[in-house]
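Below you'll find only one chain, the form predicted on its own, shown as structure tokens.
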Amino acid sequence: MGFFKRLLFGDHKRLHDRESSDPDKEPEHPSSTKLSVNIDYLMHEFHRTSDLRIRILEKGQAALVYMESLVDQEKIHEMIFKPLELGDVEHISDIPNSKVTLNMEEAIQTLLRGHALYMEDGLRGVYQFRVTSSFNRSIEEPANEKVVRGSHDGFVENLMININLLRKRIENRNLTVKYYRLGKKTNNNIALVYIDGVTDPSLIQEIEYRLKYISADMIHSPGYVEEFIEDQTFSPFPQMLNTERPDRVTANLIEGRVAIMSEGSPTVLIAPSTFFSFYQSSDDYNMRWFTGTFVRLIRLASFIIAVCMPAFYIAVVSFHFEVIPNELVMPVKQSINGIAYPPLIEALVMVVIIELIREAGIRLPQPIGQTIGIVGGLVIGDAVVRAGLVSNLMVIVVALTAIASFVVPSNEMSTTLRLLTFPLILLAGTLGFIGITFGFMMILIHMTRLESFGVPYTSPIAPLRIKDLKDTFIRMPIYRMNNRPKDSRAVDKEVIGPSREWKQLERTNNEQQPAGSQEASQQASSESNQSSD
């Protein structure tokens, strides 16, 4: 039993040793007053790498050290050498935006971030200058989260630009950003963003606690962070919302949630998240409320279609032929008579073919990917039916299932729907409607037991909260959503105050105004219109 405990839950002794140590404590190596000692230490720590440049200055009494693959040479000239040549400053310590450190380990970290180091013989202080070169792509709308109305900008791979996009949308002093360094080898910069006074402090502490104990050599993207801090790693459902849209992150921050951003990736993680948050899109709030409600209901219906439609078809043609209307019995029978194997194998073959076409379309360049889609959808589909390998109805069912899975605004949830299709197909092929019922019950039970940072995944359905249903299946008018949803764990509950009192005041004034004055005002307005004509 001890072996299985260690296998499933880890070594408690190692966990205790990690908790007793301080993960935030940085190593220290004091700088020396001798320039040669500091240079030798840097060359040893960087293993004499070829892109470490050391420029000897002032006849060997000073040195400028930098990584030539990370710095901009023009910035070095403009920020360091030009002020000294023009006589604007007497010493390099007088240059604005310069920082000094006495710790060589801190100096090494700044070198890896694109800083330049200035050291003098006889001085312990190591001066740091930010001369990082930047290569950023233009801000464009995310390809996988396009909207009809609304902003058409998206996050990029530069963390500072991404935070700038949020700052422009939330001009509030309470917007707080905290930086973390994760990855022993990659040393990637992670930002935790929230609104102080709105976000629950216990939620922030919980996320910080989970981030604090991430021990890995490489943290390359938010996908790595997500697997380390999510509640149930083995669940097919994503427990953190992924997005590349600044307006979507802004809306979730206002509701009291937390955003996790990473250097080198345009993807942002939002926590806590519920099942219904994956079916919400920016378009829902940029259009009229009844139109947004209609579109959202279509998306939620796509969940049932994508998960259950192939299984339902297999159960009907294999076990429950009596549910088919009399007018359709003969066409369905003629469609499946020529197929040599059972509908279960037929469905699995078609689903796998659809997944192959989809994966090929993603990996290939865009022009070729479109060609693959046409070839797979028309040529292969038609050829498979003509060869008698797959029935016409199965092609229709699988195509509708694929379309329904792509309706979801979140790619993570779309992948989950496609994965859930396989076990339900197997259950329907063996037990019919009973298998579908048991499979769907297991999915619902798992969803109700699932949590995202202490928030029930199926909130506000289970547990039921009537007030929070304004933004789930339907999207009520924005002025009706006065309070923040409870699943966001926000401290400040009210988000919208009285906003349409002018309507009530207008009605009250019309009721209090005498009938004679109304006629006089109408006559005066008509006379003014005639005079203007």
Partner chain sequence: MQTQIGVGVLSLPSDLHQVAKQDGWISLAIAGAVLPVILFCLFLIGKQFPDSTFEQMTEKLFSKWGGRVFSFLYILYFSSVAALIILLFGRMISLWVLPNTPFWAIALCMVIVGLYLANGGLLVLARFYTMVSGLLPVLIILTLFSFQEVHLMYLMPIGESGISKIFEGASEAMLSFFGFFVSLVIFSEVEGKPRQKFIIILLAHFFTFFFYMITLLVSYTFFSTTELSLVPEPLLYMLKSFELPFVARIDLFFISVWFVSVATSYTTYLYIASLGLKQLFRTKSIKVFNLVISLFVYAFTLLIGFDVAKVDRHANVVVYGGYIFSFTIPIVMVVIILVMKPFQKRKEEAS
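Fair warning: this is a prediction, and the values are worked out from it, not measured in the lab. Positions refer to the first chain, counted from 1.
The discussion below concerns the form predicted together with the partner chain, not included here.
field: Interface residue in the model of the complex among Phe228, Phe312, Phe237, Trp289, criterion: non-hydrogen atom within 4.5 angstroms of the partner chain
entry: Contact residue from the list: Phe312.
field: Residue among Arg113, His446, His220, Arg169 with a heavy atom within 4.5 Å of the partner chain in the model of the complex
entry: Of the candidates Arg113, His446, His220, Arg169, His446 is the one lying within 4.5 Å of the partner chain in the model of the complex.
message: Heavy atoms within 4.5 Å of the partner chain in the model of the complex: which stretch in 45-53, 462-470, 481-489, 30-38 meets that?
response: So the stretch in question is 462-470.
field: Within 4.5 Å of the partner chain in the model of the complex, all of Ile324, Thr437 and Glu451 (non-hydrogen atom)
entry: All three within 4.5 Å in the model of the complex.
field: Exercise: Gly264 in contact with the partner chain in the model of the complex, heavy atom 4.5 Å
entry: Result no; Gly264 lies far from the partner chain in the model of the complex.
query: Does any heavy atom of Pro456 come within 4.5 Å of a heavy atom of the partner chain in the model of the complex?
result: Flag for Pro456 set to yes.
- prompt: Applying a 4.5 Å heavy atom distance criterion, does His77 contact the partner chain in the model of the complex?
  reply: Looking in the model of the complex, residue contacts with the partner chain do not include His77, since no heavy atom lies within 4.5 Å.
message: Using a 4.5 angstroms cut-off on non-hydrogen atoms, would Phe319 count as touching the partner chain in the model of the complex?
response: Output for Phe319 is yes: heavy atoms within 4.5 Å of the partner chain.
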